[in-house]
Every structure is written in C-alpha cells, then in structure tokens.
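Below you'll find only one chain, the form predicted alone, shown as structure tokens.
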C-alpha cells in the first residue's frame, strides 16, 4: 500500500470513528429527549423551576421542584473546582519548574493512579473517614462540604495532568529567553509560562467541571441526600445525579419521565460547557495570512 493510500485510509478511518462518536452522543440525547417527552408534553416542565420541593410520588400534593437539586449540583461542582483547580495548577507548576527530573515520572504515575481509582472507593473513604471528621466539627457530617471535598480529590488528577501537559507544551525558548533577560523563576512562571499555557489549563479545568457535574456514586455516599436549599457548608444536599440514581429503580412512568428530563438538563449543561470551550479555543487560534 502506497503512502498516499495509507494516508487516505487513516484519514477515512479516523473520520469514521469521529462520526461514530458524535452519533453516539446524539443518540444519547435523543434517548433522553424521548424519555423526557411526556414531561414536556404534559406541561410539567414549568413546575421543575417553580415548585418549592421535590415530591413526585405524593398522591395528595405532588411537587416537582428541581431547583434545590440543580443548586446542589452547581454548588458541589463550584466548590470542588474551587479547591481542585488551584491545587492542580500549583502541582503542575511545581512538577514543571521545581521538582527534580528524576521524580517527575513518579509524580506523573501517581497522578494517573489516583485518576484511575473507582469513584466508589473515594465515596467509601469519604463516608468512613471524612464524614465522621466533619460530624465532630458540625453534625450531621454528610453535607455539601463532604461532597465537595471528595469530589475535589477525584477531579484533582484531571486538572493536574492537563496542566502539566499544557506547561510542557510551552516552548523552551520562551523560558530561556526570560532567563536571559534576567527574570527570576517565579516571574517567568507568572509572566511567561502560565499565560502561554492558559488555554490548555482552562480546557483541563472545564473537563474536570464536566466530570464533577456527572459524578454520582461517591457524591451519593457523602452528600446526605436531602433535596433542600443548603444554608451552610454543613447542610445535607442532593444533586440531580443522586436523585436519578436513587429513584430510577422504583419510579413510575410520570416520575421516570421527570428523571429523564433532569438527565437531559445535565447533558445540555455539559454540552454548553463543551461548546463554550470550542468557542474560546477558536478565538485563541491566530488568524492565518
């Protein structure tokens, strides 16, 4: 097979896999939309944002308020990113500029190992270690704080590994030029390396956000699972993913349609993040010519 034919074969193969991946995502969205259609058709969609509580199985006064759970998903994600992003970027900077070369490979492998730990293990650790510690500080222990801390530990490797890759992609000539101009290491990091790598670091943080929004098992074990607006970090919460995992097994037809609708909202939220990332990335590409 000639080189040109090989190139065409690889091109068409990769293109087919890309189309297949996009098609699978589209099929998932269509599946969720079909499951949520009874909610949209019956006019219950407005109740998701207006009802105060979540009691879809009540015979006397059913309530379909999704806002407390959407708020819980947002707060858990925001707090976990607020913890993981600074530590992950700081760890990547330390790995790139301060850690001796002989230890960088081990640091990278440890982060990969942490990224591969199953979520249920993080949840079990949080339930047996972190929740009792928080309970001694402020009952009940299972809370917004516990869920955020466990989730931040889970997404920390994603932020750190992507930030390391972004910093390694900064041309060595730029840092050497900064040293030649007499800039110190700290000044080089904040004035040269981090601005040059901000696109890759931002992309890694958004990937971590996408994972945090969809995480279920570990959060279920430590969040407390009470569908109310939290008034402090120590109050129990119930994100949307926890509700879907806990109620899908026994939900009736209308109840299940509401859960499909909640899942569709999460998928659309992640799609909006990915679209924003693509838009920001296209803006950062310099114009040719």
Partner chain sequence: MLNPLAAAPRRARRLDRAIAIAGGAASFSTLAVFGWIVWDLIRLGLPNLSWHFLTGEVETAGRSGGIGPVLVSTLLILLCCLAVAVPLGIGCAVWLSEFVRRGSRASRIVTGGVDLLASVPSIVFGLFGMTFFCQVLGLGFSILSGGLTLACMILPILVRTTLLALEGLPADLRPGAAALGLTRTTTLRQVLLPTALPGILVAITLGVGRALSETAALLFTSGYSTRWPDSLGESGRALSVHIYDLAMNIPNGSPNASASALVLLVLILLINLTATGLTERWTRHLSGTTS
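Residue numbers count along the first chain shown, from 1. As the structure is a computational prediction, the values presented were derived from the model and not from experiment. In this text, rigid core is short for the largest set of C-alphas that superpose within 1.5 Å between two forms.
If you look for the form predicted in complex with its partner chain, you will not find it shown, but the lines that follow are about it.
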Only one of 172-180, 198-206, 118-126, 67-75 gets a heavy atom within 4.5 Å of its partner chain in the predicted bound form; which is it? 118-126
Is it true that 168, 192 and 229, all three, sit within 4.5 Å of its partner chain in the predicted bound form, judged by heavy atoms? no
I'd like to know if residue 241 sits close to its partner chain in the predicted bound form, meaning any non-hydrogen atom pair within 4.5 angstroms. yes
Is there a heavy atom of residue 249 lying 4.5 Å or less from a heavy atom of its partner chain in the predicted bound form? yes
Closest heavy atom of residue 31 to its partner chain in the predicted bound form, within 4.5 Å or not? yes
In the predicted bound form, residue 27 touching its partner chain (heavy atom, 4.5 Å): yes
Suppose contact means any heavy atom within 4.5 Å; which members of 13-52 contact its partner chain in the predicted bound form? 14, 15, 17, 18, 20, 21, 22, 24, 25, 27, 28, 31, 32
Take the rigid core as the frame of reference and indicate whether the C-alpha of residue 49 shifts by 2 Å or more between the shown form and the other one. no
Aligning on the core only, does the CA of residue 25 end up 2 angstroms or more away between the shown form and the other one? yes
